[in-house]
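What follows is a single chain, given as structure tokens, in the form predicted alone.
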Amino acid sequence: MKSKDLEQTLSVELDGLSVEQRHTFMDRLDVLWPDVLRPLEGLYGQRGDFEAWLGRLVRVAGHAYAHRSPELRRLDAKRYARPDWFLTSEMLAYVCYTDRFAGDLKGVEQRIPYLRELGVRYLHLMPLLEPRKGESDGGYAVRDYRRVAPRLGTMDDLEHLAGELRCNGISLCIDLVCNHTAREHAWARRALAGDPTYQAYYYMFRDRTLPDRYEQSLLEIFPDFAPGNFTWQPEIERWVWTTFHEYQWDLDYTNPAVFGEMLGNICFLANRGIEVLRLDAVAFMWKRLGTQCQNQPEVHLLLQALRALSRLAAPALLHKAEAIVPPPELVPYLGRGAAAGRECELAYHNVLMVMLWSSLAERRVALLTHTLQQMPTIPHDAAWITYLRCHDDIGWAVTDEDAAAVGLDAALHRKFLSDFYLGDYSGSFSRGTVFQHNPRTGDRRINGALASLVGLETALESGDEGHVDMAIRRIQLLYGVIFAFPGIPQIYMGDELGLRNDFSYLEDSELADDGRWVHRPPMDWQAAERRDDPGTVTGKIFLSVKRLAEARARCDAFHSSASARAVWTQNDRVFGLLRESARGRILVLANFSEENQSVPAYRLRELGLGDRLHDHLQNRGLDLDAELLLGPYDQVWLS
């Protein structure tokens, strides 16, 4: 089938549009058709009704295009004119829970000036679509993709907020849970009522034969409170696949009807003004017997097809893959080979996050440098989300190969990191908590607010001003690296103020079983009032993060399309990152120890720097002598 063959089938969807608008859609379809057809043929091409399904999917996109507002069509045109809008050095992301940040969606609108003051250009509101009542995995058990959680507002409130943010130069990102729905979702309720159409939306089994075979190779995501991957449903006498919790039912994407439903949800949200969708748990979207049922090739075809079809309706929309996977499996979510630049535009750089915490604990950068050197390049029109903390725990994704390459034993190193950030290692400054200890694998993930993990909590309790200063320097160091790395640096709510672990979640029965709430404290607006006072801990942290954002924004060489190469500095405590493009060349040096360190001048000359240097971070000139000196946890951005 060719794209032109679909023009007649779109007459109803495009009816009422001007000739120019119809031509715009058909021109997009013609250009994007190979990107639509290739992945869908790989997924569903063997079906006898493939062409009929293909036509239905294009009509979903056509209907959404026809109902897109004039304002959003203008946004589409702007994004076409400046496709690298999200790659610029001005981009800065902020992530928060709506209620914990500002109460509800209208409250967020009142806090836009705060976000602008910090330099935010991208706001990610954590799951806000209507979840099931009671336990909901923090909102990731969605009951209705087209309604907002009533306690936060309405879909009209969300649309209005998106417009107000856009007027202030801020793009709105929300979560779309792709792998599963809540047991209370309309599809699941119909499945429980015995409707075979909707039972086919999920993985269901009449006995344990296949589930037991799958379990032989599956991992347990939450072994402490959700062991196993299947749940018995007595109403229909079937086992349902439930990777995360018994109330989260995995969707079966071998059924093209499920794909079509999710495409419709994506288009609906895009037309409400959402500019970025964080596609949750994408690694789990396709199952294959004998594997861990993660990162299967079909997952990438699904994401490529969703992107191509949603671009027909809403080219301004970006897709962000939530795939927290090992390095070799991470880059493909941004597109490889024929799919380069045709999958998700954004993905989380969880490898960088883990390596930064590793270097901070070890006071050495060998593992960080080596691991980043092994990372494949990504498409020039895609970007990383770089971050230090998110709403989830930290899992120590250190591979055996990378550890061995720098003389470490991976299992022992992972144990060291858990011990260190729990505060159980001699000399540790950290105060984290355990999440999901698995005795069988030895896996111990870590919870904790940024300030608590870097030692600020311990330092403040001790009253030692020197230790407080070192903790603040660690925060500045870590943020400096993620701001200098290609991508969109992301601040987790409250980290810019130094908020620490909060155990009040234990008083809420719906939250008490999930230790991750320890690093999801409510926003402290009283503390925020001290953000401009450099004499306070809060002010020192806030102002330093703000200065980093301003320094990054001033420097075009930090455009995300610029290459990034981790380099050896002849000092295993100083990390080096070289950024190069036609926009300029910058060498980032970061001291990961609490002692003074130096980098020899000859090494800087080998890396292409002369004797007259400019530090973009401090906006100052430097004369290079025999060596470049760095104080405790100091960094420079040199050209």
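Quick caveat, the model's predicted, so the values are computed rather than measured. The first residue of the shown sequence is 1; numbering continues from there.
Not pictured, yet referred to below: the form predicted together with a small molecule.
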Under a 4.5 angstroms heavy atom criterion, identify the one residue in E322, E343, E496, D402 near the small molecule in the predicted complex. E322
Just one of A281, L192, A397, C96 has a heavy atom within 4.5 Å of the small molecule in the predicted complex. Which one? A281
Which of 83 to 91, 503 to 511, 210 to 218, 388 to 396 lines the interface with the small molecule in the predicted complex (heavy atom within 4.5 Å): 388 to 396
T181: touches the small molecule in the predicted complex, heavy atom cutoff 4.5 angstroms: no
is_contact(D137, the small molecule) in the predicted complex, heavy atom dist at most 4.5 Å: yes
Counting only non-hydrogen atoms and a 4.5 angstroms cut-off, does F485 reach the small molecule in the predicted complex? no
Is there any non-hydrogen atom of Q304 lying within 4.5 Å of the small molecule in the predicted complex? no
